[in-house]
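Taking the form predicted on its own, here's one chain by itself in structure tokens.
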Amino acid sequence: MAKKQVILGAQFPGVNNFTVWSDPAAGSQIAFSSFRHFAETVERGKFDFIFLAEGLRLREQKGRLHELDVAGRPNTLAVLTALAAVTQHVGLVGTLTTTFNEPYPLARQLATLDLLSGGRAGWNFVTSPGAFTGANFRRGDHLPHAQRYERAREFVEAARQIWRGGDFAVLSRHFDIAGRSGLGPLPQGAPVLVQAGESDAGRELAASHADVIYSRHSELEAGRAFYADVKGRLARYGRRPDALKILPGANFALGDTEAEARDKAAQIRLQQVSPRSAITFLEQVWNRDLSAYDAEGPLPAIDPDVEADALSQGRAMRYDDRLATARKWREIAERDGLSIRQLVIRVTGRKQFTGTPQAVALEIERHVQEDAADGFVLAPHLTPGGFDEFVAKVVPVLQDRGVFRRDYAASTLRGHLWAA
């Protein structure tokens, strides 16, 4: 039986805490030269696509701008369109919300990117939380949480009608639109649809509408369980298991020896989670001002405040039950003797491929061959040169093992993802 081919996406850092700002090799997060270096590197490595996250409003913590946000980040579609002119093959995937956009203009913008890039456009369709973000759009918190997924589903269905060209009409709970799209045939039929959803509703939305689902599962067995669950949902929508690609997010740290790589990974995490960042993250769960606590000391003895207004604004809350989360974290910290900072490093980490280039390549391959993933969306800790070493050292190992392309065989993103 032929080996499964590994899919690789490359996330440009910035709207997250991956980036190590203090490293002398760190460059601009907003200059086009950084985007271009990043894109040209991963295209040289024959990656399937570049992935851009997007923040619609700078996040705040206790009324102040969050220190890890990038101020001045250009518009996602503008960046991807510019990159289309300096690349030839790599896919271009942007995160764009269904909560604060409308189907017709966004579908046309994505179609334009697909046309200009020769069929390389992808759309990570997401929902956006809260009145804080909505204030930028004069809408406030205009949708209850449950309706955001409903609107997303209707939005994608409307976009698909518009991409087909000709007359369209959509009458649903959230949309009443009709017209003629004026679009000609798109190079890959429609932009590739990417969705990030861990909840049951998110998994169902991906199974019914997405081409790719982006997940957070870091361990092999957890990945296999997620993979089986989501793939198992496709049949009810008349889709084959291979119709949806599952790509967890991951980081990496390379070294000439395993020990060197482990030490490098540990140092990266210490830089990513500074003492101040550790306290800031804990405040998001505890919903209390914890600035008086020592990040190198123990967890607060007090419980989270579940009644007060949220201290953190503009960030999707990953922990629905603050009290249960605090109890679980206390158990981990007490069992393993962890400080606040050490605990935050532990609980905020995602899949980390650590080792020699050979070892990292083998571990990536293992996850794919054992059906824990179809590939990974990797994020480096440096911008813009964070993929330079990976492309030079890990990609050739994957190619030599026959699980990753030596050259692009297709001209579209859809063709990359479903190449033989």
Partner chain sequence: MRIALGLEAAQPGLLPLLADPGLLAAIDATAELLTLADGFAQPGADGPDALLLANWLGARSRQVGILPGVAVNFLEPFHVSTGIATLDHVTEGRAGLLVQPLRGARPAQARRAIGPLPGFPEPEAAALAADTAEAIAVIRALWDSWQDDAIIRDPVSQRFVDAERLHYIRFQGQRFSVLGPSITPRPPQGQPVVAIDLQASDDPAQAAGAELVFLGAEATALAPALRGAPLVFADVLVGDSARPGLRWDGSAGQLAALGRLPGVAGLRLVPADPARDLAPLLAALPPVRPGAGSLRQRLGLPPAPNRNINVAA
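Numbering follows the first chain given and starts at 1. Keep in mind the model is a prediction, meaning the values are calculated, not measured.
There is another form of this protein, the form predicted together with the partner chain, and it is not shown here; the text below is about that form.
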{"item": "Heavy atom within 4.5 Å of the partner chain in the predicted bound form - the one residue of Q161, N101, S218, Q313 that qualifies", "value": "N101"}
{"item": "Contact residue in the predicted bound form, from Q272, T95, T81, Q284 (heavy atom within 4.5 Å of the partner chain)", "value": "T81"}
{"item": "Partner-facing stretch of 72-80, 325-333, 239-247, 188-196, counted where any non-hydrogen atom is within 4.5 angstroms of the partner chain in the predicted bound form", "value": "72-80"}
{"item": "4.5 Å heavy atom contact, S208 to the partner chain in the predicted bound form", "value": "no"}
{"item": "Heavy atom of D176 within 4.5 Å of the partner chain in the predicted bound form", "value": "yes"}
{"item": "4.5 Å heavy atom contact, A135 to the partner chain in the predicted bound form", "value": "yes"}
{"item": "Partner contact for G349 in the predicted bound form: the partner chain, 4.5 angstroms, heavy atom", "value": "no"}
{"item": "Every residue of Q358, I364 and R414 near the partner chain in the predicted bound form, heavy atom within 4.5 Å", "value": "no"}
{"item": "Any residue of 32-46 that, in the predicted bound form, places a heavy atom within 4.5 Å of the partner chain", "value": "F32, R36"}
